[in-house]
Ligand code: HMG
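Consider the single chain below, provided in structure tokens and representing the form predicted alone.
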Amino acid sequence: MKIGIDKIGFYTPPLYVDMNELAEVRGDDPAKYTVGIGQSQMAVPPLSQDIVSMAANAALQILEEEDKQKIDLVIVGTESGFDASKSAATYVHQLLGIQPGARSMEIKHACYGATAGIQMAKGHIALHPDRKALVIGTDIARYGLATGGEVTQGAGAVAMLISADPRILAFEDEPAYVTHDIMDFWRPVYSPYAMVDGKYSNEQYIAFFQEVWNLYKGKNQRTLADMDAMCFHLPYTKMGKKALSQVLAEADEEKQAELLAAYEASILYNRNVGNIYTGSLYLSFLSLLENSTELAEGDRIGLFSYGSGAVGEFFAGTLVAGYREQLASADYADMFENRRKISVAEYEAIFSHSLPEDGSELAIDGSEDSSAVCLSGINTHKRHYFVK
């Protein structure tokens, strides 16, 4: 029985800031942002969007009523959780109208959360092949104004319907994974911003990739020649290329060119959204599907997931016949086209206007947010949402 991704949906907030303009205001060479880091635009979430509303907006694009009746597992991966007890998945479950006989939970392990959810969903579908699972990666990456990590901020969500007989990607067996206790990136509960050792984190990302790639090759008796494309967790788009360059010499020049071309297609969405933590790998995968003209059914896609702290995993899947029919290229083109570019001053004002953390109440005007689901406010310590 084949298990994999049957549908995939993506949402990013309707505002963005241009990285050339941000570089100018910060007194930096724009090439440092657009070439050295590899980012062109940064998604900016208004107060009317948080991890729950973004997750629901991504899932609403792909779910039909039949899906909602068959889904009995909802997993939200996030490292932007706002409640130490209540799961974001329970909000999402209700907003989407999924039938109540379902398990719903939130998974946190830095950027690995959605991958952990997928692996759990695979096991569930193997036992219950007539059911479906919804896995969502949703995050808002925040490092602070004029900080070293500012250029890698972003916001968005990717929703995936996992099922038997999938219509996009069929997962293969024998993934490779490894865990080491390291302090490359973390966020204590008392801090709104992550702590990061940037140079060390980059080194560990590459080291973890090399370790799980070698484990994967040994487990599956495969080489780089067996890969038609490789997607990476992308805290910024140059990071994945640094990792890929470590193994390119294992293939001939033709295969190297093929993988590099696929990589460029896989980063187009991430380049214009920024880091979305748990969803970044799957946004890269979606970007590959939407923007590569060379992929074909049966092609093997390798995926590298990395969650700081740290865990790394490499797994693969093959594209299913007719997978392009499940994509929504026009919808994503419209989403990007309809976003509004804001000035750096507007971005700084939005960034500085955060939700209350002292228990006070707030009503949010979402009239300028055209998204289907919005956060409407907070009162009596509870978040409230509305579906348009």
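Each residue number is its position in the shown sequence, starting from 1. None of these values were measured; they are calculated from a predicted model.
The following text describes the form predicted in complex with the named molecule, which does not appear among the structures shown.
Shown alone here, Y236 lies within 4.5 Å of the named molecule in the predicted complex, counting heavy atoms only. Although the partner is absent here, F82 lies well away from the named molecule in the predicted complex, with no heavy atom inside 4.5 Å. Contact between T152 and the named molecule in the predicted complex is found at the 4.5 Å heavy atom cutoff. In the predicted complex, N202 approaches the named molecule with a heavy atom inside 4.5 Å.
Here the marked residues Y16, P192 and H353 all miss the named molecule in the predicted complex; none has a heavy atom within 4.5 angstroms. Put simply, of A110, L288, I168, V212 only one has a heavy atom within 4.5 Å of the named molecule in the predicted complex, and it is A110. Listed residues I71, V196, A229, I140 were compared with the named molecule in the predicted complex; V196 is the one with a heavy atom within 4.5 Å. Only one segment in the set 258-266, 300-308, 98-106, 245-253 has any non-hydrogen atom within 4.5 angstroms of the named molecule in the predicted complex, and it is 300-308.
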